[in-house]
Every structure is written in C-alpha cells, then in structure tokens.
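Starting off, we have a lone chain in the form predicted alone, written out as structure tokens.
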C-alpha cells in the first residue's frame, strides 16, 4: 500500500542488521537486534498483519531483548591481550 514507507523500513532493517553483525560491543549488538525486531514489527503492521506485528514487538523486541541483556550481564568480560 505505502511502498515508500516499506522501502524506508527495509533499508533501515538492512542497516540495523549489518550493524548488529559487525559491531564488537555486545550491548550495542543486543540493542540493534531489538531495533531489528521492532522494525520487523513495523513492517508486519504496514503490510496489514497487525497481530503478527504485535507479537513480534512483544516477543522479539521486548522479551528477547530483556533475556539477552540479562544473559549479557550474567557473563564475565575477558579481554584477549
């Protein structure tokens, strides 16, 4: 319906995914993966699948992001020198 909006979301989705893969800091990677899931929720909603978009926002961006943060803060950081 709104192909311009979907194109902008798709380009942003690609950029966020590449940043999440290439960044060295795990906290930034978790934030980028949450932004990726939220962008996917916006894409699903713009395509008319509101129930799938809502589920993606709650589970993908919300619960999974929190679980990743908890796992990240439970681990120890060791540097390779």
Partner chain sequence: MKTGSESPIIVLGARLLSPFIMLFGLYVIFHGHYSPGGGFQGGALLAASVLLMRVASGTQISSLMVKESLTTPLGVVGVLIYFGTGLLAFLMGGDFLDYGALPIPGLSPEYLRYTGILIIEIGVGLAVMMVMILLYDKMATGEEEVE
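All figures in this text were calculated on a predicted structure; none of them were measured in a lab. Numbering follows the first chain given and starts at 1.
Not on display, but discussed next: the form predicted together with the partner chain.
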Applying a 4.5 Å heavy atom distance criterion, does residue 54 contact the partner chain in the model of the complex? yes
Does the partner chain get within 4.5 angstroms of any non-hydrogen atom of residue 63 in the model of the complex? yes
Does residue 15 reach the partner chain in the model of the complex, with heavy atoms at most 4.5 Å apart? no
Residue 59: heavy atom within 4.5 Å of the partner chain in the model of the complex? yes
Check for me whether the partner chain, as it appears in the model of the complex, comes within 4.5 angstroms of all of 67, 70 and 74 - heavy atoms only. yes
